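One chain comes next, on its own, written out as structure tokens in the form predicted alone.
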């Protein structure tokens, strides 16, 4: 389990930065910059540009994603924005609208 969890009823409007893993069950708006891993759970909503090592999306992300290692879009997720990552996995059933740049 991650060190930090944003609960399902929590709304964060602003900037999140740090060196820990993050699990998002609620809503984050603004900017996310983490050196570790982010998991956006099924009911999680991110309306932010994201910079991280790895991101796994089960929920919804609107904004650009910059991952230094890997971006994973799981089945039934919805992502609108550009993805910059050296490794990208888009599962069958994922919804993605944007551009992919693997020269990260």
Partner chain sequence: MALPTAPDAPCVIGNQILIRGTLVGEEDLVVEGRIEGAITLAGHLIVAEAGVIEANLDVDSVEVRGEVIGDISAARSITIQQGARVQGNVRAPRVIINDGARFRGSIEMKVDLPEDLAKVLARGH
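Since the structure is predicted, the reported quantities are computational estimates derived from the model, not experimental observations. Numbering follows the first chain given and starts at 1.
Another form exists, predicted in complex with the partner chain; not displayed. Remarks below refer to it.
J.: So in the predicted complex, does any heavy atom of residue 64 sit within 4.5 Å of the partner chain?
T.: Output for residue 64 is no: heavy atoms all beyond 4.5 Å of the partner chain.
J.: Under a 4.5 Å heavy atom criterion, is residue 45 part of the interface with the partner chain in the predicted complex?
T.: Taking the distances in the predicted complex, the answer for residue 45 is no, it never comes within 4.5 Å of the partner chain.
J.: Consider residue 86 of the chain shown here, and say whether it contacts the partner chain in the predicted complex, taking contact as heavy atoms within 4.5 Å.
T.: The answer is no: residue 86 has no heavy atom within 4.5 Å of the partner chain.
J.: Is there any non-hydrogen atom of residue 95 lying within 4.5 Å of the partner chain in the predicted complex?
T.: It does not: once the partner chain is placed as it appears in the predicted complex, residue 95 has no heavy atom within 4.5 Å of it.
J.: Who in 23 to 54 is close to the partner chain in the predicted complex, meaning a heavy atom within 4.5 Å?
T.: Contacts from 23 to 54: 23, 25, 34, 39, 41, 42.
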